[in-house]
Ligand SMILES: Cc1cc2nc3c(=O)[nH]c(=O)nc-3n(C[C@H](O)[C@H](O)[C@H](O)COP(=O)(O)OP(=O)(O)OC[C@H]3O[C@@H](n4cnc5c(N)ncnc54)[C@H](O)[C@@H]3O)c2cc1C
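The data below hold one chain only, encoded as C-alpha cells and taken in the form predicted on its own.
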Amino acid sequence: MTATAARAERQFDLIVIGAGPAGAAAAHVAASQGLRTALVDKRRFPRPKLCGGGITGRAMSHYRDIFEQNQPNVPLVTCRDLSFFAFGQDLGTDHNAPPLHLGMRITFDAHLVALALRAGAEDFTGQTGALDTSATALDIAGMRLTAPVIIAADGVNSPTARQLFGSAFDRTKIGFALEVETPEIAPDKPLRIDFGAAEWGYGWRFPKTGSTTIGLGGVMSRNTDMKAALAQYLDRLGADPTQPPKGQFLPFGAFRKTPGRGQILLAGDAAGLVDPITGEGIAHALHSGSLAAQATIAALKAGRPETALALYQQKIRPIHRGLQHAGMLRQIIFRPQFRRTFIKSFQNSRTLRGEYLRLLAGQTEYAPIMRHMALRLPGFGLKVLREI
C-alpha cells in the first residue's frame, strides 16, 4: 500500500491554501454559497504579519461587499489628514480626505479567518502539507484533502506558485520592504507618504492604536542598502534610526497574466496583485480572493471545474488593467526626466490630488490620473493615451 493510499481522504468542493485576506475572502464567499471549503494555513491565527496595515476606502468597500459588515471589529485608527512628500519636497497636506483606516494585521487577519470559519469553512490552519498538482489534492497530517479546484493565496513567497511556475516571483521586478513599530502614539499626526524615500519606492508613517508603523519599500534591484535608507528615513522623521527592522518581499505590480494553472488559481500576493505606486495589497487581496471563489462557484455549478481559471482570469482583468496603468504612472513619478513635472502637478493641481485621493477611497481608477498627466507630458502622453 502506498503512503498516499494509507491516508484518510477528505473530499471538498474547494481547498483554499493561505488564510490571509485573499484566502479568508475566498473561503468566506465559497462557504457562504454552500461549498464544502477547507481553509489551510501553516500558521495558526492570530499571527504577526509584516504590513503597513493601511486599509483604504477601496479595501473597506470590498470588505463590506464580501463579509456584509460595515467595518471590521478590530482596533483601527481613522486618518483624514494625509501628508505627501516626493524626493524630499513637501507636496502639502490634505485635510478631510477620504478616510484611511490603519490597524495591525495580527488582529485584522484573525478577524477575517473567524468570519470565514463562521460561514462554514473547515479549519485546517496551523498545518502544512504537500500539494499534488496532478490530482488537486493536499496531503496534510495523515490525511489527503481533495477538491476539483484549489485557490492558492499563500503569499508573495507562494510555494504553490513555485511548484506551478518554478519561482514565486521575478527577482528583477520584485520589491522589498522594511518597517519598524515605534512606541510613539501619535494619532493626531497626519498619515505620511514619501515618494522616492527609496529608489523607485516610497516611505510611510502610519499612526495606529498603541504605536506608529514607519517603513520603506522599493524595487529591490535598485536598492543595494535598504537598511541604510530606512535608518535615514527614521532619522528624518525624528525616530530612533537604530531600531531593528523586519523585512518582506513586495510584489510591486508584477502580476501573473495567467493567475494559475489547470484547476489551481492564485490570488492576492501569490498572483502579484500589489499596487506598484502605493504598495497597497489588502484591497486587491480581498477582491481577487472573492473573484476566485465566484469563478469556482460558477465552474462547479456548470459541472466544469476546468473552466474556473478562465472565468477567474476574465473577472480579474480590471485589476490587471489598473495595475498596468499604475506601472505606467510609476514611470512618470520615478524617472528623473519626468520627476519635476510630477512634483509640480501634484503640488499645484487640485484635480490630480483629488483623483489620487479618490483612488485611495476606491471611487476611481488610475485612468483619469493617467489622462491628466498625459496632458502635461505630451511625448509620454501619446503612449499613455494609446494604453488607456
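This is a predicted model, so every value here is computed, not measured. Heads up: residue numbers just count along the shown sequence, starting at 1.
Another form, the form predicted together with this ligand, is not on view; read the next lines as being about it.
Looking at this ligand in the predicted bound form, residues 47, 153 and 279 each place a heavy atom within 4.5 Å of it. Here the chain stands by itself, but in the predicted bound form one stretch of 51-59, 66-74, 358-366, 327-335, 51-59, has heavy atoms within 4.5 Å of this ligand. In the predicted bound form, none of the heavy atoms of residue 232 sits within 4.5 Å of a heavy atom of this ligand. Among heavy atoms of residue 15, none comes within 4.5 Å of this ligand in the predicted bound form. Shown alone here, residue 195 lies farther than 4.5 Å from this ligand in the predicted bound form, counting heavy atoms only. In the predicted bound form, this ligand lies farther than 4.5 Å from every heavy atom of residue 265. Out of the listed residues 120, 159, 98, 190, 159 is the one that sits within 4.5 Å of this ligand in the predicted bound form by at least one heavy atom.
Think of it this way: in the predicted bound form, this ligand has a heavy atom of just one of 173, 144, 315, 105 within 4.5 Å, and the residue is 105. Counting a residue when any of its non-hydrogen atoms is within 4.5 Å of this ligand in the predicted bound form, the hits in 16-31 run 17, 18, 19, 20, 21, 22, 23.
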